[in-house]
Structure formats: C-alpha cells, structure tokens
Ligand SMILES: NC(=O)c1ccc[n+]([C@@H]2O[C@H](COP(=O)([O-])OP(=O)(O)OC[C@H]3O[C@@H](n4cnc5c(N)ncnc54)[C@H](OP(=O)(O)O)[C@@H]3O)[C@@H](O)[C@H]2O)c1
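Given next, in structure tokens, is a single chain: the form predicted on its own.
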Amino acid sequence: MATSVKPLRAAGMNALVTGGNAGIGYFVAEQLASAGANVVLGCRDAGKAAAAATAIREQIPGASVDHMPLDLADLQSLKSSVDTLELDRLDVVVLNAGVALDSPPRRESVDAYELMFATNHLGHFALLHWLAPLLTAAPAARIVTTGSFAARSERLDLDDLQSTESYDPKRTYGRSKLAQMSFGFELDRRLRTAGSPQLSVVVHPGGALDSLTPARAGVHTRSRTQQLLGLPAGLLLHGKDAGALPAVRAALDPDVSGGQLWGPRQFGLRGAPHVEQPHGHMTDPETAALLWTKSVELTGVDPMAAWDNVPDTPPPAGDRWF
C-alpha cells in the first residue's frame, strides 16, 4: 500500500509522464490523474497505453487520460511525437521512462548510441527541447527527472559516455541514471540563471518491487504467492505505487523548490517522500556543464534554447498553479 501524503491539487493541469504505461510511471500517471490532472502517457506501444488508460479510469472514473507516441531511442522521431500534443501548455513533465539491460551484449539505438544512455538520458534531453515551448507557455511548469539509487555508486566517464571501451550493463545503467540526475540539477541552475519561473526537480523511487505493488488489470498482475513471498521485503522496500510518490510530490507540492532531490524517507529505500541531500558527484557543476555540452553535440538540440528566448518577466498574478 502506498504511503499517504498530504492532498495535492492538480485540477486543470496538463501533465506528461514518459513511460506512463507501466511500472512506476503508471502509478505516477494514476496519482496525477487522481489529483485532477489531464494526463498524457508517453510510450511507444499504443495498445499498452490504452490498457494503462483503462486501468486509470477504473481507479478514477472520469479521469482525463491521453497517449503520445514516444520512442526515446529514436531522436529523429521526438519532434513529430510532440507535434501530436493538442495542448496550449504543459504544466508538468515527468521524465520517467527508461530501459535497464541485465546482460551483454552491448546494444545500440537507431542513432547508433548505447541504448541505455540513449534512452534514459539523451532521449529525455532532446525531448525537453521540443517540449520547451509548451512548458514556457505554462505559468510555472515543473520538470521532474527520475533518477535511481543505482547512481549513488557510479561516476560519469565523459570520455566514454557510450560505454564503447568498457561495457558492464549494471554500471552503464547506473551511469545513465546519474547522467539524468546531473542533467536535472544543471537544468535548474540554468533556469535560475535565465530568471525562469519553471522548476527542475530530481527524484528517485527508492527500492520499488513488483511483489509489493498492487495489481492493475492489463498493467500489472501478482499472484497470492508472489504477494506473500514479497512481504518480508516490505520491511526495507516498498511497491511501485509508493515509489511514484516522490515524483508526484515534486510535480505538485507548492513547497517544492527547484534543484531539490526527493526520495523515500527511510534510508532512501521506502517511506513517505522527503527532501534528500544529493551526493556531490550528482550536483557537480563542472561535470554537468561538460555533460550538457556533449549531449547537445550528440542530439543536435539544446533544451535551453526556448528559455533563452523568453523575456525575463514574472508570470501574471493569480496564474500560478502551485
């Protein structure tokens, strides 16, 4: 069962959740819809998106749920995906989707980049570039980037971001999530420099297990045996519904500040969301600036381009959602 948090309001807000059809992303989408948001599920498979939308509506009758085709491993497709959004603004984007490979061989995206780094970091980096006009059209949009506990023990190798010289799936995954987190913190620094009212917040879900996650028809099932076997782990870990709470809090809580890291309270593994002190290697500005430059070179786009063209003026009084 998800840990309760104070009620959060999202009525009338537009929210995009990448990977919102499954796992933690599904529960982020469900919880945002429960708070009143109009939710868009960003995912490749239209059938899985439809199943997730049905499951959300079963939990929240009347929920507003839509689908945006999204393949983060195909950089050239991202502009066309965003062009399908029939929105005048985007109040929240949760950069959640990701891929984790368990074993060799090393795989590549259609752009010939290592698949986990391409999907988890570069795809979201480029997606934000195309979403920027919708985000700047909102009074005070939130960009929420989902990192991972796995990033704590990793360090970025800026000379081998593609893991061509040395490939270990777990290490490469951890580095891809560290790249996301470094990007999220650097994004907030750049937004503050630009005088933007938009906020970039980084989150992680802690230890979220399928066996502790409630079932959702067409999205997630668990047998009674799986549920019982997972109970001992509940002393240290939690389900993906609870793992979604830091992202939802970061997206909606009026007390959240840009540049914060939100995660589970108990040892960073389970419990109610709270603000954490990020490790220094996650927030190092020199590393982040170099990563940003290399990401621009690899994707051909810069997420800050739209903000650099926005006049430095505050949003009209009364138009903030938070």
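The first residue of the shown sequence is 1; numbering continues from there. Computed from a predicted model, the values in this text were never measured in an experiment.
From this point on, the text means the form predicted together with the named molecule, which you will not see here.
J.: Quick one: which of 96-104, 82-90, 133-141, 189-197 gets within 4.5 Å of the named molecule in the predicted complex, going by heavy atoms?
T.: Of the options given, it is 96-104.
J.: Using a 4.5 angstroms cut-off on non-hydrogen atoms, would L16 count as touching the named molecule in the predicted complex?
T.: Close contact is absent here: in the predicted complex, L16 is far from the named molecule, nothing within 4.5 Å, heavy atoms only.
J.: Should Y167 be counted as a contact of the named molecule in the predicted complex, where contact means heavy atoms within 4.5 Å?
T.: Answer no; every heavy atom of Y167 is more than 4.5 Å from the named molecule in the predicted complex.
J.: Does A208 make contact with the named molecule in the predicted complex, using a 4.5 Å heavy atom cut-off?
T.: Residue-level check for A208: yes, a contact with the named molecule.
J.: So, D71 and the named molecule: in the predicted complex, are they within 4.5 Å at any heavy atom pair?
T.: Yes, contact at 4.5 Å.
J.: Kindly confirm or deny that I24, T119 and S148 each have some heavy atom within 4.5 angstroms of the named molecule in the predicted complex.
T.: Every residue of the candidate spot has a heavy atom within 4.5 Å of the named molecule in the predicted complex.
J.: Of the residues Y173, F185, Y113, F125, which one places a heavy atom within 4.5 Å of the named molecule in the predicted complex?
T.: The option sitting close enough to the partner is Y173.
J.: Quick one: of K294, H279, R44, H274, which gets a non-hydrogen atom within 4.5 angstroms of the named molecule in the predicted complex?
T.: Answer to the contact question: R44.
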